[in-house]
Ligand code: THU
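A single chain comes next, written as structure tokens; it is the form predicted on its own.
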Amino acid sequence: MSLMDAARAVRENAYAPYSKFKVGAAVRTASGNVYTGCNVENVAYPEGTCAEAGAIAAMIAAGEREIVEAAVIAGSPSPVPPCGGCRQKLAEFATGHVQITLATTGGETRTVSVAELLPGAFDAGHMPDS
């Protein structure tokens, strides 16, 4: 199963009763494992969870820390990039050159790098020594 197929499959499980905007995401790690996530809305919108965050949480729960590729699919007219918070999360676990394929359910795709999504990312190098 391709990374995009994994994202497409998990998108079907998204819980988006308010916006009706279902999103699926998949990340491949350095070990070759694939982790998926879908968006989960809540009536208090800011309390929802993005698909990318869900995939990253599954990856972390499995003990992995390095993303080497990602895919995101949404039912939109054009490929939708991750929100700002998810861009930061991706940058935390992937180097700037890592490719993210963005897709629509209609088949349109766009591939971007983490660095293109989040130029000037805040990383641990900006944190003071503890």
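Nothing here was measured: the structure is a model prediction, and the numbers come from that model. Heads up: residue numbers just count along the shown sequence, starting at 1.
Separately, the form predicted in complex with ligand THU exists; it is not shown, and the next lines address it.
Query raised in the report: Where, among 59-67, 27-35, 92-100, 43-51, do residues come within 4.5 Å of ligand THU in the predicted complex by heavy atom distance?
Result: That would be stretch 43-51.
**Report entry** Contact of Thr111 with ligand THU in the predicted complex (heavy atom, 4.5 Å)
**Finding:** Judged by the heavy-atom cut-off of 4.5 Å, Thr111 is well away from ligand THU in the predicted complex.
Query raised in the report: Heavy atoms within 4.5 Å of ligand THU in the predicted complex: does Pro81 have any?
Result: Yes, Pro81 sits close enough to ligand THU in the predicted complex that at least one of its heavy atoms falls within 4.5 Å.
Query raised in the report: Along 21-46, which positions have a non-hydrogen atom within 4.5 Å of ligand THU in the predicted complex?
Result: Heavy-atom contacts within 4.5 Å come from Phe21, Val23, Asn39, Glu41.
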